[in-house]
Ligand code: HEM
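Take a look at this single chain in structure tokens; it is the form predicted alone.
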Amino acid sequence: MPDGHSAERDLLQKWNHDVTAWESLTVAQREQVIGRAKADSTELSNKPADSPVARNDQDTFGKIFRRNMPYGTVTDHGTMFVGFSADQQRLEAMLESMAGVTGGVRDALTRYTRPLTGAYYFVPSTESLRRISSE
């Protein structure tokens, strides 16, 4: 921010899942799609290049705080994703990687889930909010 205080850029997305296609995969196939072992969520030693673990490696793009929460009914459900970062370009670079814009490899998980909505939000720092409220 121009005043020297930090702020967050947040990404919110709603994803709808194709459970029929996902459930048709074996556990080993799902692990290859994700790039993690189902039993303990550890990264696979030879993670596939198209896995989300490989496509969005925070050692490459930088750290973000992210969470997924389920939503929906038995017939219509998915995940709400939120990612927090002080740098919007970091979030954008991860999305471009996921879509295959950079590197030409699309995230394998996008074969089983699709984005319905998405938006960036700006969250000002506490210091900025205090300054504004005292004016």
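From a predicted model like this one, the values you see are computed outputs, not experimental measurements. The first residue of the sequence shown is number 1, and the count goes up from there.
Another form exists, predicted together with the ligand; not displayed. Remarks below refer to it.
Using a 4.5 Å cutoff between non-hydrogen atoms, A108 does not count as a contact of the ligand in the predicted bound form. Taking the partner from elsewhere, S85 is found to have every heavy atom lying beyond 4.5 Å of the ligand in the predicted bound form. In the predicted bound form, Q89 stays away from the ligand, with no heavy atom inside 4.5 Å. In the predicted bound form, no heavy atom of T102 sits within 4.5 Å of the ligand.
Interface residues of 42-78, taken as those with a heavy atom within 4.5 Å of the ligand in the predicted bound form (partner not displayed): P52, V53, N56, D57, Q58, I64, R66, N68, in sequence order.
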